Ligand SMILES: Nc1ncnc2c1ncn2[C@@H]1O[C@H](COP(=O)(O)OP(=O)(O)OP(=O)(O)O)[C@@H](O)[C@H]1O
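A single chain comes next, written as structure tokens; it is the form predicted on its own.
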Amino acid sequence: MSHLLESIDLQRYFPVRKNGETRQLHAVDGIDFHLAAGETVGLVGESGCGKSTLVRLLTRTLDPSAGQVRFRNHDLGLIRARDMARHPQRKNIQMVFQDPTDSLNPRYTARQTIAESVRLLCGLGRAQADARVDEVADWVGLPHALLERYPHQLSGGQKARVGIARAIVSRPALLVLDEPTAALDVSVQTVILQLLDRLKRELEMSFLFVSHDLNVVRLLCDRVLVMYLGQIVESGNTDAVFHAPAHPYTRALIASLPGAIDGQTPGAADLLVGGDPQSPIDPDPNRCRLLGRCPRGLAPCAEAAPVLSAIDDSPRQVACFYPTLVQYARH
């Protein structure tokens, strides 16, 4: 599979004032990864790790401080974020937002919301645009009678379908999903996830799936990226990462799942030790960012920062001096 999307040493820093001087908050700090055509990649990590900033960089709604975002071998970083909405590449990269209520204009009906995307991305006339709206509503299972309703007249699942329809009108090659089911009831989540899986196959899209729900990532994604304090600390095949996590942070995330370790209570080696995360403001480049929370942090971890590298020349990568492959129970 060829690379559809590539991130090369991608960085985004935000200036902050502290003690009277300007310092840099390293929200995204040297991200390297790729996403192949037809692939679903999951991005996981705790709140504040930089996932949302990374998504904004990849969808070109935020300019990078350094590095490249390449889509079909074209450097999207050459397009300013403020110009991306009108650029021809916009129709190829679309996004489904976390909260379907907040992401919909309350003054627009469902039809108007979807039609606006048709107008901006597809360049169709009025009659063709109306036909496309009806077609996309059928794709997502939204009854045509609901298209004349406003967001407050729709259920959470119906609003989610409107948001998905708006994103896929141009049949994008890449769909970025930022916690697309987090605001929905559990029963509705399952239906929406099944819908997304079907659309991916039928429309031949690639997904970048951002989520806190590790079980959803485990079920839907081909590969997983684990992010911590602005950096990728582990990447690999989803099955391999979930059943034999190599990085201590990944191990702690997996251990948090009910029954992840053969139904037993996680031991000390499976969990992070107490303490707060290191500050992302001008972090020490010669120190592992998990040090202080890591159950097996040793002296070398305070003298150099581990880099993401392959384990035994495999596609699996981990940023740790002492990776361990602990086999967890399979579900």
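Here the structure is a predicted model, which means the values were calculated and not measured. Residues carry their position along the shown sequence, with the first being 1.
Quick note: we don't show the form predicted together with this ligand, though the next part is all about it.
Q: Report the stretch among 282-290, 296-304, 50-58, 32-40 that approaches this ligand in the model of the complex to within 4.5 Å, counting heavy atoms only.
A: Single hit among the candidates: 50-58.
Q: If you check 222, 179, 116, 130 against this ligand in the model of the complex, which one has a heavy atom within 4.5 Å?
A: That would be 179.
Q: Under a 4.5 angstroms heavy atom criterion, identify the one residue in 82, 212, 198, 152 near this ligand in the model of the complex.
A: Here the answer is residue option 212.
Q: Is residue 46 part of the interface with this ligand in the model of the complex - any heavy atom within 4.5 Å?
A: Contact with this ligand, yes.
Q: Within a 4.5 Å heavy atom cut-off, is residue 25 in contact with this ligand in the model of the complex?
A: Residue 25: yes, in contact with this ligand in the model of the complex.
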